[in-house]
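This document starts with one chain, in the form predicted on its own, laid out as structure tokens.
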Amino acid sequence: MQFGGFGGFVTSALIAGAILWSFATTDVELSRLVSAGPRIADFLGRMFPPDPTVMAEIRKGSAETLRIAILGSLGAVILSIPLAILASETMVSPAVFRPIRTLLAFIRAIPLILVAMLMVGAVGLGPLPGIIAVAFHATGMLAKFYAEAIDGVSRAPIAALESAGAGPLVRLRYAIWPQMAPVVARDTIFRFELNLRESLILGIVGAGGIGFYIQTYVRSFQYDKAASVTMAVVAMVIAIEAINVALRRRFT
């Protein structure tokens, strides 16, 4: 108990020290924020009223963003299924699942925007680099979630099939999958929502989607049009959240 109290004190001291260090070493002048007030007000003033003449671009960008999220999520699911099996300690030996888990951690460590930039450089502008970036980045998380779902099932049905001489795929189909299916559905829906949110900004680096129009209008100082696109993005995020909540209630 005393060790736990001391450990809590040390943790609190480290957090406080990190906060103080950040304040002391970061070049932040609050006076600049105060002096920027008029410029911020002027910027916001240029955004209103929003320009409704860009509805065609909004529809086109929103549809492209949705396609990027759907195809990227599909690619991630396809890649995650075999990787999850290889990353599960229930299915394979430590010599196999440990390197695969390291690989998945490496994939998760790479920011999506960096992957998108690399793909734009490799395959050019458009939705294709966005789809590849979303599929690659989401695989690191989905495969991990799927592997954890496999490892979290009850061992009794698996042991029963093992005693009958069933192989790994038979155990997966009849003992593991019925238990993990609701978890897989929940995690896949969650990741799709995240993919759709992230796809909204991929256009900033030329990887397709509605973010391309935000970048174009801001760079050309058409802030009223940028406001219209931004409002469309907010509406999409709210709709995504509502649909996600409904689907998660359906599968859990």
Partner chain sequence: MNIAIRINDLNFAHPGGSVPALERVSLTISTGESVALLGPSGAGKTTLLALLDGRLQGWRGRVSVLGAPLDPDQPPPRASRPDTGFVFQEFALVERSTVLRNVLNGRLGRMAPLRALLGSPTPHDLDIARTALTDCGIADLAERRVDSLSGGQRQRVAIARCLAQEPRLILADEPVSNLDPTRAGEVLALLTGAAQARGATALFSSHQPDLARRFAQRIIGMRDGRIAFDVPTSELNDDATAELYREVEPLPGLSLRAVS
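Residue numbers count along the first chain shown, from 1. Just so we're clear, the structure is a prediction, and the values are computed from it rather than from any experiment.
A second form of this protein, the form predicted together with the partner chain, is not displayed here; the remarks below concern that form.
For the chain shown alone, E148 is not a contact residue for the partner chain in the predicted bound form, no non-hydrogen atom being within 4.5 angstroms. Though the partner is left out of this view, E89 does not reach within 4.5 Å of the partner chain in the predicted bound form, counting heavy atoms only. In the predicted bound form, none of the heavy atoms of T102 sits within 4.5 Å of a heavy atom of the partner chain. In the predicted bound form, A122 stays away from the partner chain, with no heavy atom inside 4.5 Å.
For the options L161, L71, L83, V115, the residue carrying a heavy atom within 4.5 angstroms of the partner chain in the predicted bound form is L161. Contact annotation: of the candidates I110, V96, A181, L128, the single residue with a non-hydrogen atom within 4.5 angstroms of the partner chain in the predicted bound form is A181.
Here the chain stands by itself, but in the predicted bound form one stretch of 150 to 158, 137 to 145, 102 to 110, 72 to 80, 150 to 158, has heavy atoms within 4.5 Å of the partner chain.
Contacts between 140 to 176 and the partner chain, taken as any heavy atom within 4.5 Å in the predicted bound form, involve A156, P157, A159, A160, L161, E162, S163, A164, G165, A166, G167, P168, L169, V170, R173, Y174, A175.
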